[in-house]
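So this first bit is one chain, no partners, the form predicted alone, shown in structure tokens.
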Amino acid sequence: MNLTIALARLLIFPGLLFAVPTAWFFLWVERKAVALMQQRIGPPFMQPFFDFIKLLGKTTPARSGVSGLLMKAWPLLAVSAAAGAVGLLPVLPLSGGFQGDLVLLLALMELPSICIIAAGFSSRSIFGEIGSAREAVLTVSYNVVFLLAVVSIAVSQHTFRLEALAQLPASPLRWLGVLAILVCLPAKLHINPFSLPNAEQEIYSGPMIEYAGPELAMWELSHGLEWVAAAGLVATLAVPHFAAGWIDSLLFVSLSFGIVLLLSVLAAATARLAIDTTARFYWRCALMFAGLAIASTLLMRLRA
């Protein structure tokens, strides 16, 4: 990938120029779908953008020392990582990429969760620390399934390059991996039934309790960009590329929207699970998926 293509992907499509408005749109879809499921009107279309602008205009509480600097750094790092993950998505065919860019994508997608954990402990609030502890347990639990699913897809297709994965025809193990990734997305995006790290009724938003103003706006933007990156990853893995670029772009946007709508409806239809129930659920999923992945791999080799 040359520098021009890399900058275009990061800054234009599927990068910041596309990802930021789409992040606000997905946040609106999430809130609107939940509202309609609960027989409410819900927010207007531009509400996530208005909330972002309003938070930018508010004053951030003064904090001194290293903890104050860290609390300012974590949301900026989370936004940068999420934006970088979106920029790596192989939305268009022949869009470049490099060997092992799937590994970089996974690392960038995990950084926002790590930043949330660090932010809660940096806040020196008991509610923030409880939220961070829950986030840490949740991250370890679902990442076993998430990483196993992504690696199994890459191994079954014999490549860790995103563009190559997007162009290869789907296999049974690939569909199994995509399904496993979908199971992990509610936990990764902190929505029901896995919204325990930021439960407002219990721990007052957890790691975010001490954030306000522009810093909270950055966290909201990071959450929206995580929606774009996570839904986009499933969309690019679910459907192989076609020859025409506009068809790929249309499929990417349509599938991403469908995934956001599906997860939002699921969040509205379920209640929050306890931390021990969540951990057991993902560890059992990990064992089931590991067995199915091994069986599928052996079957594919026997057929070959």
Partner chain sequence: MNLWSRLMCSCRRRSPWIFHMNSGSCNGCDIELVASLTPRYDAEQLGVRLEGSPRHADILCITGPVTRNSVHAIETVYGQVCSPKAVVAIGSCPATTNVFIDSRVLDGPLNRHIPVDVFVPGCPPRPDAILQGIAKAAEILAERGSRPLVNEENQQ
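As the structure is a computational prediction, the values presented were derived from the model and not from experiment. Numbering follows the first chain given and starts at 1.
Omitted here: the form predicted together with its partner chain. The next part is about that form.
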The unique member of Y211, F194, W74, F146 whose heavy atoms fall within 4.5 Å of its partner chain in the predicted bound form: Y211
Tell me the stretch among 160 to 168, 107 to 115, 180 to 188, 200 to 208 that has any heavy atom within 4.5 angstroms of its partner chain in the predicted bound form. 200 to 208
Looking in the predicted bound form, any heavy atom of F49 within 4.5 Å of its partner chain? yes
Does D101 make contact with its partner chain in the predicted bound form, using a 4.5 Å heavy atom cut-off? no
Determine whether any heavy atom of G57 comes within 4.5 Å of a heavy atom of its partner chain in the predicted bound form, and answer yes or no. yes
With the partner left out of view, is E129 within 4.5 angstroms of its partner chain in the predicted bound form by any non-hydrogen atom? no
Using a 4.5 Å heavy atom cutoff, which residues in 214 to 232 contact its partner chain in the predicted bound form? It's fine if the answer is none. L216, E220
